[in-house]
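Consider the single chain below, provided in structure tokens and representing the form predicted on its own.
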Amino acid sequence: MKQKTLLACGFLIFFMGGCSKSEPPDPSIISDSFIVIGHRGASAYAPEHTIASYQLARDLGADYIEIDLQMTKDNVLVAMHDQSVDRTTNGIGSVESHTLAEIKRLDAGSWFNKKFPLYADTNYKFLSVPTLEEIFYYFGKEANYYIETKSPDKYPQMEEKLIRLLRKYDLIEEHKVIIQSFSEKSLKQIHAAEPKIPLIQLLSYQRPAKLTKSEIKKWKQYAVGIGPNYQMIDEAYIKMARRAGLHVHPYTVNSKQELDQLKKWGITGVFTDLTGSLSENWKK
């Protein structure tokens, strides 16, 4: 048993940074300046999770572009929110049941033109699903990335592959990335491997949320902030999180009236589909 433990520790040295306990993160890793995060790019105006959507989000003033990660059958990280390709491509089935070559043959743009004719663009036809590496190669250090890891039990290699790409493109040292997840396990793995990466614990509530001191203490061991559903939080919730030194980045706010109220309560960033004409006003 002792030998197996030593072997496991040795195997994890590169990825996990050793077997010693990681230090709690520093919230100052993220600027206190209010940030606007382009939810799946500029997803109100362009096909979500495509290069076109990310570029438009940047053009319209987003501070970060959000990227949801899934993994192909041949273990390549691609940008897609759903586990299935059905909603945002002309394909059928799960992402994990397709090879990258098969994913690349799918049309990831035409559905948007049909569903949102007001913003339809012939250039959106036959857009492809980008890999995470293609996104990094295309935008490099000119963009800031807000990445969500999904389904850690389904994709046990996701965190390692993500960190390898972040290191390859030197995005960690340049402070160009924030990572979020609903999975505490996923975030703890990333924090152990790269404690310089600011992490956000995503939260899903089925009722109006209440914060507890024990929850805050637990989250602060690996995360610098939380990402709650804005409809489930109130002023007391936000103020308690902020007093504890946590950033608060609620999702997904598409009303200026609601955003103004949340800002008065103290949130430090927001996810929105409507990156654009409102962005400059929202930052004020």
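The first residue of the sequence shown is number 1, and the count goes up from there. These numbers were taken from a predicted model, which means no experiment stands behind them.
Unshown form predicted in complex with a small molecule; subsequent notes refer to it.
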note = Exactly one of T88, Q180, T72, Q189 comes within 4.5 Å of the small molecule in the predicted bound form through a heavy atom, and that residue is Q180
request  = Scan Y222, Y251, Y45, Y237 and let me know which has any heavy atom within 4.5 Å of the small molecule in the predicted bound form.
outcome  = Y251
ask   = Honest question, do I35, Y145 and H247 all end up within 4.5 Å of the small molecule in the predicted bound form by heavy atom distance?
value = no
Exercise: I197 in contact with the small molecule in the predicted bound form, heavy atom 4.5 Å = no
inquiry  = Although the partner isn't part of this model, could you tell me whether L127 comes within 4.5 Å of the small molecule in the predicted bound form, counting any heavy atom of the residue?
reply    = no
message = If we define contact as a non-hydrogen atom of the residue within 4.5 angstroms of the partner, is L100 a contact of the small molecule in the predicted bound form?
response = no
task = Consider D63 of the chain shown here, and say whether it contacts the small molecule in the predicted bound form, taking contact as heavy atoms within 4.5 Å.
result = no
Region of this chain that lies against the small molecule in the predicted bound form, out of 211 to 219, 254 to 262, 37 to 45, 238 to 246 [heavy atom, 4.5 Å] = 37 to 45
